[in-house]
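Encoded as structure tokens, the following chain is the form predicted alone, with no partner shown.
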């Protein structure tokens, strides 16, 4: 038993010390897409169209907002307006307020972005009857 273990360990050491000239590491190369880049206007139009679908359901609304908030940007007011109108069509006030909270969080340390968005969205918010988190007092919680 001991002799078998020694033979296995010796053969293992020999295999580690042998060089294998036939094996070469392949360099990984990346093939980046050289397709057409989407412009800002096309990006905005795509998301406005997504949220303006008449048959959008609550899952699609949340999925779209999660994807949109996941990008490294703060959505334009016209995209947020379309999302808020989708919330109204679904009669989902909670999602509308969550959208505003997410945008406020996404604005981060830039204190001038969120007030600008609220200023741009104020007519839509008033038309749809959607209060801001500040009006509800939940921004202090």
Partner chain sequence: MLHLIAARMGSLMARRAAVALTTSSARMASHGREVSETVDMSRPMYWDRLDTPLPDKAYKDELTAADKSLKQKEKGPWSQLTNEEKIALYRLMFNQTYPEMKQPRSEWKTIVGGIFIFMGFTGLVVWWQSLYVYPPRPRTFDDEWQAKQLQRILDMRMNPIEGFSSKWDYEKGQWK
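From a predicted model like this one, the values you see are computed outputs, not experimental measurements. Numbering follows the first chain given and starts at 1.
Although not depicted, the form predicted together with its partner chain is the subject of the following passage.
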item	value
Its partner chain contact in the predicted bound form: residue 91, any heavy atom under 4.5 Å	yes
4.5 angstroms heavy atom contact with its partner chain in the predicted bound form for residue 66	yes
Interface membership of residue 128, its partner chain in the predicted bound form, 4.5 Å heavy atom rule	yes
Residue 38, heavy atom within 4.5 angstroms of its partner chain in the predicted bound form	no
Segment that reaches its partner chain in the predicted bound form - one of 40 to 48, 112 to 120, 72 to 80, 96 to 104, heavy atoms within 4.5 Å	96 to 104
